[in-house]
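A single chain, nothing else alongside it, follows as structure tokens in the form predicted alone.
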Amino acid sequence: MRSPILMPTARAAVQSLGASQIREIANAGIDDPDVLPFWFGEPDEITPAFIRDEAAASLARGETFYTHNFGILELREAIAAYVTRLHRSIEPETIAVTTSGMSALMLSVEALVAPGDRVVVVTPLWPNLVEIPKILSAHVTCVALAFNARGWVLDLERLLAALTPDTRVLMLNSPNNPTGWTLTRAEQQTILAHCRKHGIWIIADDVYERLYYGNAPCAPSFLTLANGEDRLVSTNSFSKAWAMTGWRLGWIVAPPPLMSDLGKLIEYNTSCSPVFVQRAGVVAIERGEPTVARTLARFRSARDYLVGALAESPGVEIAAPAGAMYAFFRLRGLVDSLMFCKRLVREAKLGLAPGSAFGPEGEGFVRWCFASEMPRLAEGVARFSRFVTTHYSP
């Protein structure tokens, strides 16, 4: 039995959180119109008109009231049909609509993790996923990916060794932010079998599953392998594939026994998502496949261009990511990526994210979001090349 005396208070846990270095860089240049921003993970195009029009029509109908904690039935049915098409048959009753994918992750951890629990994450990783369990006073163990000429790779045996029987949750983001690393189907099968054996929950952050550059409509998913009784929670978002970052709409797929607790947590967090935003989500799913296809094609071209261009810059070591929307590249000899990115903002008017923002494993690297039109990327590359040629010696 855990001793509550040894557990940090909620206030202490929050005070110990690390501030976002991505935000630190953005705050340094977000008010400067001359800065080219590639620091956040969002596309440079606005949400398609048919999605915006549906939200406007909902508002015009006066749909401004509360809804079910889990979301309107039409959206849950649309998400269920979407997940069934991509992965396996699921029912709307196993879906909770959330106010963003970020909220979906927070709610999932709140439902599963208690103070003192052991949580394992694979890093480098978007810092929010590492910090969320700490808010609940959990102990976080990081298993680092390795970077080589093929890109980022997982030491599967090392991960399995870290997943000891006392582990409560494994959190995985695949395709991964910032590296683009993507689990293979075989790796997922091995991990799922191991977690079943030891009763370990898996929280899969699937926000980038449609931004996958392999020969499949989406990245390999635990949802395809698992059954409805497995200890698997999948979180997702409308932000990336449908260009809806500012709408703050996401969802959770969870086993039936977990749904009651999720409903209570949603009630005490946000109560529900706005109806007009949910209406936009319905049409995004039902009519948005051409948008997803166009987004993927645009990002693939941007990825190929940026990786090729950066590979020619002095000191850059880079590999094409298998998924997501980021080039995460190493600069030989770089020991302070935060300071480097601050200088980029001030002196080159270029906004990139420091690798150290994604954990110590990311130090020496820089993240560039390539969800952008080619002329902006080309100008960004020109600014980067001029800066490293003039001011940086590998």
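The shown structure was predicted, so the numbers you read here are calculated from the model rather than taken from an experiment. The numbering used is simple: start at 1 and walk along the sequence shown.
Heads up, the form predicted together with another copy of the chain isn't pictured, but that's what we're talking about next.
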property: Residue among 112, 154, 78, 211 with a heavy atom within 4.5 Å of another copy of the chain in the predicted bound form; result: 112
property: 317, 289, 230, 187 - the one with a heavy atom within 4.5 Å of another copy of the chain in the predicted bound form; result: 230
property: Partner contact for residue 264 in the predicted bound form: another copy of the chain, 4.5 angstroms, heavy atom; result: yes
property: Residue 144 within 4.5 Å of another copy of the chain in the predicted bound form, heavy atoms; result: no
property: Partner contact for residue 66 in the predicted bound form: another copy of the chain, 4.5 angstroms, heavy atom; result: yes
property: Close approach of residue 336 to another copy of the chain in the predicted bound form, 4.5 Å, heavy atom; result: no
property: Interface stretch in the predicted bound form with another copy of the chain - options 95 to 103, 294 to 302, 155 to 163, 82 to 90, non-hydrogen atom within 4.5 Å; result: 95 to 103
property: 44, 52 and 240 all contacting another copy of the chain in the predicted bound form, non-hydrogen atom within 4.5 Å; result: yes
property: Sequence-ordered list of residues in 248 to 281 near another copy of the chain in the predicted bound form, where near means a heavy atom within 4.5 Å; result: 248, 255, 257, 258, 261, 264, 265, 267, 268, 269, 270, 271, 272, 273, 274, 275, 276, 277
